[in-house]
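As structure tokens, one chain now follows by itself in the form predicted alone.
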Amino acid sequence: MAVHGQDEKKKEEVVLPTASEDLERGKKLYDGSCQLCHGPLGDGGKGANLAQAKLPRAQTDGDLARVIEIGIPGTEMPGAWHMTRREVTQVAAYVRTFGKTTREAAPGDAGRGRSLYFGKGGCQGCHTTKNPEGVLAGGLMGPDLSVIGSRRSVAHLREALVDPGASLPDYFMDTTVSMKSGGKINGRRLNEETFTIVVQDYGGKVHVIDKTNVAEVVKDRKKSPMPSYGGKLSASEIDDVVSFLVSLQEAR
């Protein structure tokens, strides 16, 4: 019965409120709970870009309300358990207003950006995207960029190139584990539970570490293994790479 109830909830049709007082309340709730990750205008940052006419994971109003209410398992998107059902729909209604605004155009040339990405920038060494033959390829140390243009704004993509430590996902947090027996493991934290911590070192090896053997764990939320490209690429080259990244869209 519980599973059946969940299935019915998934199929639930939602009509979002449209009154000005509902949108005002939705904005207040959004500003308090959502803008830190999604930006004050919904154009992304640590969280997804919501300033789109169609959201890949929430194409219907019911989908959007459900994502807000229960979150997205396996990601940093939590559920809004503190909100009433009415408040969830008010936030969803406000989020929909972002998709009605004109999206910022990406400067630069995507073709030149592609060449820089696979050439001078060396980005494919850490990030997965489609190679020039259209096949998913690349490294796994950095975030998957194969559809990054659907999820992040132009401003966020530029910031990530110039100041990569400004807005890091928790699962790419630089972590140093000092062992009681001596020695250290430095890399990105993949997972952490009561008794274990999982770290992938910058050579790509995954370590599942028993915390009883750990002397200290140091996490740096502002340190990124990715270098700043502000000094490696010219301003116009950064524009080109941003334009290429914006072109990496999810199929609709």
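The first residue of the shown sequence is 1; numbering continues from there. Note that the rigid core is defined as the largest set of C-alphas that superpose within 1.5 Å between two forms. It should be emphasised that the depicted structure is a prediction, and the values quoted were computed from it without experimental measurement.
FYI, the form predicted together with a small molecule isn't displayed, but the following is about it.
Of the candidate stretches 192-200, 179-187, 210-218, 36-44, only 36-44 contains residues with a heavy atom within 4.5 Å of the small molecule in the predicted complex. Though the partner is left out of this view, Gly138 does not reach within 4.5 Å of the small molecule in the predicted complex, counting heavy atoms only. Using a 4.5 angstroms limit between non-hydrogen atoms, Lys205 is distant from the small molecule in the predicted complex. Contact annotation for Val246: none of its heavy atoms lies within 4.5 Å of the small molecule in the predicted complex. Residue contact check for Met83: one or more of its heavy atoms lie within 4.5 Å of the small molecule in the predicted complex. For the options Leu168, Ala110, Ala106, Ala155, the one in contact with the small molecule in the predicted complex, meaning a heavy atom within 4.5 Å, is Leu168. Superposition on the rigid core between this form and the one not shown places the CA atom of Pro227 less than 2 Å from its counterpart. Val88 shows a C-alpha shift of 2 Å or greater between this form and the one not shown [criterion: core-superposed Cα displacement of 2 Å]. Relative to the superposed rigid core, the position of the CA of Gln59 differs between this form and the one not shown by 2 Å or more. Compared with the form shown here, the Cα atoms of Gly44 and Leu190 move at least 3 Å closer together in the predicted complex. In the predicted complex, the CA atoms of Cys123 and Ile72 move farther apart by at least 3 angstroms compared with the shown structure.
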